[in-house]
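Single chain ahead, written as structure tokens, the form predicted on its own.
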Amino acid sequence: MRPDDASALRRLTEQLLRTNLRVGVDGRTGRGYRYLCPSPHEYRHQWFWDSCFHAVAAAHVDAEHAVAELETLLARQREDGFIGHMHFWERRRLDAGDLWSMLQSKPALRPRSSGLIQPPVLAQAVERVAEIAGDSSLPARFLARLDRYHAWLAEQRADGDGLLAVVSPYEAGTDHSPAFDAMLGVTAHHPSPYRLQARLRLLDLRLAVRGYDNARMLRTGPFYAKDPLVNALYADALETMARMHRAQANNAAAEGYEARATQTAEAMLRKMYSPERGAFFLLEGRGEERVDCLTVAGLMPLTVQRLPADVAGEVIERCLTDAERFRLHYPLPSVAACDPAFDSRGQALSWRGPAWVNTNWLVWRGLRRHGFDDLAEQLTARTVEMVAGAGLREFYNPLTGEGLGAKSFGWSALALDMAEGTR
């Protein structure tokens, strides 16, 4: 990694705090808000996992903003602990994109938050921001609210096996992944963007008819899946909660989280892992049929501390270091290069081939956690080179490093954490 590249990442991250910053006062509650929108050109609202990633990146240049970002995200937490995947803070004329986004909400003239979840990375963000800021007291400020959030996930989305279910591709965060095609009624490896988007909008409508009522969506909703990315991050979140509680001498709470993390990790191994292919796979429908589509989500259990060492090694050897799967010039593609659905440029339909910095960051954390420091440094070098060369884009061509999708895209600044974290 060249020193100039790391310096470029810092400048790009500092620029985000000018171009993507949204500050104001909520007209209905009188509460102030401060967050980085994912892109000032494409995505104006606050997204759940985007904000978690923004906080981590911003902590390297403005720790005060990082904490404010997390506080703003938690300001829309419901009393029962639920946190929606989108928050609508700004009051302005609506455009067509806003109308579709607001359709993903409980019925209201001007909804405040969506009725869907996103992958649970909030605890990890709190812990990482505290580490970067050197403030060991910070997690205690969030623990009670984080407890309520994880209690909601456990009570409302996990069944007896400890795995979370999602009711829409938007909840998995990998919106157009080919792993969801069959559940959406899509049969082509490279579907028309209009056809796939129409299927997703139809799903939005069907969930809206159910009022985004969690029990109804799980019981009768048209989409039901257990995703390896969501569940790996859930297990990682539970482990993180255990560490933060133990640091506060809350040993009973820590043991409870550890037990739940073990249950989720064991269920992933039992139900999602394929020893023959060395990866984890999506479970489709209430019958939990494995979907034979190798995506970057199948590598995410590397983030889990409880993943057995031999399984971690197998995933790395069979997938991460295989040039026919994920070891492209600018890793990691969102779909294995050998999969028929792989499209390296995939601009109209995301998560069907291009590389994303957030998944690189997650795998990087997993590599370091399991002691594969050399591979972590290699992944960092390629990611930093890619982002420094093309700027903060939504995603990147894994063959050429070309920046694709939205510009000034916030979570791509996670490359700065990768660069700083290897020093």
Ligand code: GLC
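All figures in this text were calculated on a predicted structure; none of them were measured in a lab. Each residue number is its position in the shown sequence, starting from 1.
The following text describes the form predicted together with this ligand, which does not appear among the structures shown.
**Student:** May I ask you to state whether residue 257 is within 4.5 Å of this ligand in the predicted bound form, using heavy atom distances?
**Tutor:** It does not: once this ligand is placed as it appears in the predicted bound form, residue 257 has no heavy atom within 4.5 Å of it.
**Student:** Flag residue 351 as yes or no: does it have a non-hydrogen atom within 4.5 angstroms of any non-hydrogen atom of this ligand in the predicted bound form?
**Tutor:** Answer yes; at least one heavy atom of residue 351 falls within 4.5 Å of this ligand in the predicted bound form.
**Student:** Is residue 69 one of the residues lying within 4.5 Å of this ligand in the predicted bound form, judged by heavy atom distances?
**Tutor:** No - in the predicted bound form, heavy atoms of residue 69 and this ligand never come within 4.5 Å of each other.
**Student:** Should residue 173 be counted as a contact of this ligand in the predicted bound form, where contact means heavy atoms within 4.5 Å?
**Tutor:** Taking the distances in the predicted bound form, the answer for residue 173 is yes, it comes within 4.5 Å of this ligand.
**Student:** Tell me, out of 118, 344, 334, 214, which residue has a non-hydrogen atom within 4.5 angstroms of this ligand in the predicted bound form.
**Tutor:** When this ligand is considered in the predicted bound form, the option within 4.5 Å is 118.
**Student:** Among 57 to 65, 22 to 30, 366 to 374, 38 to 46, which stretch sits within 4.5 Å of this ligand in the predicted bound form, heavy atoms only?
**Tutor:** So the stretch in question is 38 to 46.
**Student:** For the heavy atom contacts within 4.5 Å of this ligand in the predicted bound form, list the residues of 379 to 407 involved, in sequence order.
**Tutor:** Result: 394 alone.
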